[in-house]
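One chain follows as structure tokens, the form predicted on its own.
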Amino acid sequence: MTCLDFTHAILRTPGRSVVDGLRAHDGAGPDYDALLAEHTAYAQALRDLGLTVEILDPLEQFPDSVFVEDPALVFGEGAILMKPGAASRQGEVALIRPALDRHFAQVIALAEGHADGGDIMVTPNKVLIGLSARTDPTGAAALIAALARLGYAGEVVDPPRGALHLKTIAALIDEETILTTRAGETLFPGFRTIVTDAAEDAACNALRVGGTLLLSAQHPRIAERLDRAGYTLRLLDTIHVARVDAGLSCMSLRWKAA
């Protein structure tokens, strides 16, 4: 399962400003200490699965900077600096570059447009790029060109209207299967899909690491279904992470060292 096997991860400690992070709802915001505990448990889960984890210092001036998946995209062959679609996040790109330069011989800057890492799903044969309010067609085209320089093929998909990111509604949970919402069920021809109940759509931001599927502990019905289907699960709390419109894939950059 090459595209689901990782040896390294980069995370960033949430700053206290995360309580002011972007969110599309008017409900309760996160509690800082509780979100920090969720992040700490997430980092430990990655270590337990054998990854070498580097945790960057918090960036108080960027409330959403804990979600390192959006400003960069990484592979064993190199890294791509993205151009986040939210104006408040664009300054994160320059600040994550030093970490990328330490790990990758090749770091490519996206030429134009906007693209968030949360809209990118790496599959065995191609990299899917979801269009959203944060990833535009120009950015997607620039990303396809950057991916080609690393030896990967990119393909644009058009998630249903209202999806924050492609990986808000879908996750590759094995090389042939995507966990998705009902709205995303027809978006992935050639893949088997497992569709969540509407009440558990947030579970779709899951993360497969080697032989283990990290899944939000807040969605017991889909956890039971996946367990019965033979998946090895590790359940993690995401109550406060979800309050800033995020999930498990958002909090790390992951790659397999050559």
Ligand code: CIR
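Everything numeric here is computed off the predicted structure, so don't read it as measured data. For every residue, the number given is its place in the sequence shown, counted from 1.
Unshown form predicted together with the ligand; subsequent notes refer to it.
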Proximity to the ligand in the model of the complex, single hit among Ile80, Leu172, Leu128, Leu164 (heavy atom within 4.5 Å): Leu164
Look at the stretches 186-194, 53-61, 217-225, 66-74 and give the one with heavy atoms within 4.5 Å of the ligand in the model of the complex. 66-74
Distance check, Arg134 to the ligand in the model of the complex, heavy atom within 4.5 Å: yes
Using a 4.5 Å heavy atom cut-off, state whether Asp237 contacts the ligand in the model of the complex. no
Would you check, heavy atoms only and a 4.5 Å threshold, whether Ala9 touches the ligand in the model of the complex? no
When the contact criterion is heavy atoms within 4.5 Å, does Val19 count as touching the ligand in the model of the complex? no
For the stretch 205-234, return the residues whose heavy atoms include at least one within 4.5 Å of the ligand in the model of the complex, in the order they occur. Asn205
